[in-house]
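For reference, the chain that follows is the form predicted alone, supplied as structure tokens.
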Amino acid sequence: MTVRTRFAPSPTGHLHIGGIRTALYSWLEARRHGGQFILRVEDTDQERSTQAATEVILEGMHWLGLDPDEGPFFQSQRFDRYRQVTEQLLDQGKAYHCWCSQDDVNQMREEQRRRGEKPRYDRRCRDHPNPRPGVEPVVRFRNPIDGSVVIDDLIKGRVVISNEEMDDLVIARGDGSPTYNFAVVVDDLDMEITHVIRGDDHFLNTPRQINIFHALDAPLPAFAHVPMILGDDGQKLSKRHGALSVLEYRREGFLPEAILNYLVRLGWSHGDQEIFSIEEMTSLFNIGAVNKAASAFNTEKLMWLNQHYIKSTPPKKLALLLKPLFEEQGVDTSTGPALAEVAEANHERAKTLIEMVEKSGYLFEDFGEYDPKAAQKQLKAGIRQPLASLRQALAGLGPWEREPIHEVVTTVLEEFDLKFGKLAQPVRVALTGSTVSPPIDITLVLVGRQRSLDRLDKALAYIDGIESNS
């Protein structure tokens, strides 16, 4: 058997972290078995489905490297097929027309609640149709009344659900459009899906779908329902827990390798291993080894992984990722150092690429005002003479490179009998406006000769201004 999995998002909103994990698990299961991964966009809800949401899904999947072997397929382009199967079930007596209005159904459910019964459609049109002039009937599936549905879930294990718990669900609306549970079965059948991997929130749909598979005399796929992702407080995952849409993670400066590595471990493990390459995930992952319990989203863990991948990514590759992030911030990077040099200088300390961008703006444009606390502490009268001496020595320097700059700094330190930090921090504030930057010789190289000299002049003038006002 060729393993065929699918990811079937609805384009009615953002593609969030839970959907990404489901897509990853489906992609890995197909890859591990040398099978195919199919992307299907479930856009039958024409009122809520948008082209923008569809584009986010496709772009997000491509960014993560989860490209499908087949697709994307769109349910909105398969309505003729759904009507064909609906007619087949009607002809075989496995479905029937129902003329009950939504008000009728609401009323019968309210009466059932008053009697202490489970609210459901009471099947009044199942054997006694009641056509109403001018009313387009829906089509209901004739769900078995006796027996049970057995689900051998690859994650949850065996679950048995009595058919008495289910009513006759609508499979086609009055306008002929299919409902979710019906379209999904037809799609999975036509696309020869062997493994349905989806979120645990879909589990109650599964017995209904299995009965439709049986009615179509179709082989059942294997089912695996992945537990939900919770916030670290045990509540439903939301933005306040750090859960963002997939492209928002890109805008925040996360690397796709970090996202995938984090998600594969969010419910699955292989010993104590934390870092997984795509190749390792593909060879080791097994959907049957996914935990049954819900997993908690941990932003700090994701940050740690992202920092690991930033450190291990070649600076030239980071430069390509940094450029659009700088552009989004409105920073012109053509007037400063090469972005590969910026990445090389900062990749050891940045948790995200956006953090690197925000802390590197001074390399390309003036930073404006000094950080007040940094200036008050570092730009004092006592440091003026060493700063002036350093500025003079740097102005006469030949090649503007790290080693000769370091020698000049060392000479000034010895001249004034200063410890390194006593000079480096004031210089850092002068160059960047704050006390955070790469090593001072690297910072001077990146800022450039003329900008460095101008900013040292600005710092000296600042100190003079303080002295004159005191």
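All figures in this text were calculated on a predicted structure; none of them were measured in a lab. One-based numbering along the sequence shown.
Same protein, other form: the form predicted together with ligand GLU, not shown, and the subject of what follows.
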Can you tell me whether residue 186 touches ligand GLU? I mean in the model of the complex, with a 4.5 angstroms heavy atom cut-off.
no
Would residue 349 show up as a contact with ligand GLU in the model of the complex if we use heavy atoms at 4.5 Å?
no
Contact of residue 367 with ligand GLU in the model of the complex (heavy atom, 4.5 Å)
no
Taking the shortest heavy atom distance, is residue 42 within 4.5 Å of ligand GLU in the model of the complex?
yes
If the cut-off is 4.5 angstroms on heavy atoms, which of these, 198, 140, 391, 250, is the one near ligand GLU in the model of the complex?
198
Which one of 96, 400, 180, 304 is close to ligand GLU in the model of the complex, taking close to mean a heavy atom within 4.5 Å?
180
In the model of the complex, which residues of 7 to 22 put a heavy atom within 4.5 Å of ligand GLU?
8, 9, 10
